[in-house]
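Let's start with one chain on its own, the form predicted alone, as structure tokens.
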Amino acid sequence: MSTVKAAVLTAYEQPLEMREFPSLTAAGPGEAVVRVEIAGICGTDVHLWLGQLNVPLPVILGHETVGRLEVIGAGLTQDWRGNPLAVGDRVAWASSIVCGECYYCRVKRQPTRCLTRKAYGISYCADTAPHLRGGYAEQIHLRAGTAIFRLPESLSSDAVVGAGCALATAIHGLERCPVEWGDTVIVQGTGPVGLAAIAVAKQAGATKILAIGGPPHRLVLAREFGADEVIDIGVVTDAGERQRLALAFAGGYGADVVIECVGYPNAVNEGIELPRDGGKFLVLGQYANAGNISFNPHTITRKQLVVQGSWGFEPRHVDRGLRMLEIPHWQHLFANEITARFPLAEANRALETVKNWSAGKTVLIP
């Protein structure tokens, strides 16, 4: 094909536009061109659409993607794990690239805070060649240095995109704020990040998990992923009553670890009251700037809380997530999280579906 189609965000809170770009038939050293087979709609994409992060416009959204290698540049012979790469291989990749040289990369070893970090579907202006740097398109161009992973035939594309960036995000967050064997855990939010946090906490040895969220179909998923009890925010609308129920679940003391996966600031006000004294509160869902909150810092001091933030993930967390998905139980659950599929031309309907929480995981099939 001489051209390929992409769904492009040209203005915040406006419909995506279908545009055509020159088809990519060549790749420079270390680069690759991938034919997109399935692209996930992440909650972050909705935040971007609403203008809650400053990104270059126009931009092709999409940072959860699986496809087939069409062109491989000189010198790109192996994936991140050392497996050989060939045209036709089915691959996934880490969504961001860091410089490896700045203060945060080299000195402080915080590469997700790299000063020049760029992420596919977020950081690249579609007006700049090679244009195709997001998953809402028929092709995507991968820069040299991208952490590419060749997928085994035993691992379904649905599981990889069903887990999306949420699983790697949860793995990174719970690496920074670990769940220990036997812990009681409360997860705020039952979107993709919340479900992934439940899965990772369960895998880490949590013995009691409470999920607070909604709507009801998401709570069914939360139980399938390992939550022992759920609180439906559409039924229990009072934050004080939710707190009472959550503390009762945790034996009256509070949870060992509380994981915020909501993305709306008021969830932090509610969640910081739920850990036990000496417990941990992980703020994982506040990826976009959705506004400020106020709370009494005496809560942190009095309860001797550990409050931890986590931003993004590294290739090694993608690697761990893919290995976790090779466990049949988790592969089945994450693959079945996908309940809505749209063609590329209906990307706006897909975004609305995610915004309204009216499906499980939502994906585009170019």
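Only a predicted model underlies this, so the values are computations on that prediction, with no experimental measurement involved. In this text, residue numbers run from 1 along the sequence as written.
There is also a form predicted in complex with a further copy of the same chain; it is not shown, and the following applies to it.
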Proximity to a further copy of the same chain in the predicted complex, single hit among Ala74, Leu115, Ala129, Ala248 (heavy atom within 4.5 Å): Leu115
Check each of Leu85, Val220, Ala204, Ala239 and return the one that places a heavy atom within 4.5 angstroms of a further copy of the same chain in the predicted complex. Ala204
Contact of Pro56 with a further copy of the same chain in the predicted complex (heavy atom, 4.5 Å): no
Contact test in the predicted complex: Val107 vs a further copy of the same chain, heavy atoms, 4.5 Å: yes
Partner contact for Ala340 in the predicted complex: a further copy of the same chain, 4.5 angstroms, heavy atom: no
Cys125, heavy atom within 4.5 angstroms of a further copy of the same chain in the predicted complex: no
Proximity to a further copy of the same chain in the predicted complex (heavy atom, within 4.5 Å), stretch among 228 to 236, 156 to 164, 253 to 261, 212 to 220: 253 to 261
Is a further copy of the same chain in the predicted complex near all of Pro15, Phe21 and Ile60, within 4.5 Å of a heavy atom of each? no
